[in-house]
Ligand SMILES: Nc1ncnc2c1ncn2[C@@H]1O[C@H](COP(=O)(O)OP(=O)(O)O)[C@@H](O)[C@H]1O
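Here we start with a single chain on its own, the form predicted on its own, put down as structure tokens.
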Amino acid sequence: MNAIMTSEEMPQVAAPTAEREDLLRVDNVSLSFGGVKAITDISFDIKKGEIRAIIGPNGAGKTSMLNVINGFYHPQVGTITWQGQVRRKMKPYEAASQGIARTFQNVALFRGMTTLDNIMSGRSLKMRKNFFWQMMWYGPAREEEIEHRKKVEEIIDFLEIQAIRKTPVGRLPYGLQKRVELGRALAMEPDLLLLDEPMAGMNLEEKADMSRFILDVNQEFGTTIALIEHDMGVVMDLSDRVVVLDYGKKIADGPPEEVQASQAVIDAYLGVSH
């Protein structure tokens, strides 16, 4: 006779994207620099647990959108709602402390520091002991740092960069620097991970590795990811939904296959829509 599985033993299947709750909402956001409109009346949401791609030609406003989400820019019009709370003029450090981490187009690491120390810097928001205890490195502060270093070593193992853990990142090739930057963001244990062109400048092998790590972060850690990426093959393979910007305006939003077939998107990438 076949055994009956309990609800705890049955495999867990992720809810369809449309049924997931909103982690973040962008509502009618506009951003200008003097007379230059970077973003115009953009609205979209990011569902909990999804990989959300933000794509578009160069100058479309993609990085400006990420900068609005993590508080680096403050829109003149519209709102950002994060975990049900409307955010107004949040600073980047506040966004980081509330669970939003990011990487950058151009690698932003401490080049003279080792891989381990760079990733360890991502744990600073998790440390609770004051500067005095950290300076003394004694008692509770020492115990706290040992626990944080364990977490960093887990990330190093996850990203398969054990061989470079004590190497100054300035000596590393570009692809490995991008992986270290991802590790530093993961060290913050974010609810939302913003990736700004995580595969720019990589060869095919490096892109395949980074794609695998992004999927694993999403599936194993349950981290929600929003990424900007120009490689359409990567976008179509990784993302649950795609929002497309062109000249600071939203021109498409939906599943990858639907967006890929959109004539407006085709025209924008071919440069014939303006």
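No experiment lies behind these values; they were computed from the predicted model shown. Each residue number is its position in the shown sequence, starting from 1.
Keep in mind that the form predicted together with the ligand is not shown, yet the notes after this line are about it.
Taking the partner from the other structure, the ligand in the predicted complex has no heavy atom within 4.5 Å of any heavy atom of residue 208. The closest non-hydrogen atom of residue 225 lies beyond 4.5 Å of the ligand in the predicted complex. For the chain shown alone, residue 30 is not a contact residue for the ligand in the predicted complex, no non-hydrogen atom being within 4.5 angstroms. Residue contact check for residue 59: one or more of its heavy atoms lie within 4.5 Å of the ligand in the predicted complex. Residue heavy atoms within 4.5 Å of the ligand in the predicted complex occur in exactly one stretch of 215-223, 22-30, 44-52, 62-70, and that stretch is 62-70. With the partner omitted here, the residue from 79, 83, 98, 105 that has a non-hydrogen atom within 4.5 angstroms of the ligand in the predicted complex is 105. Taking a 4.5 Å heavy atom cutoff to the ligand in the predicted complex, the contacting residues in 28-54 are 33, 36, 38.
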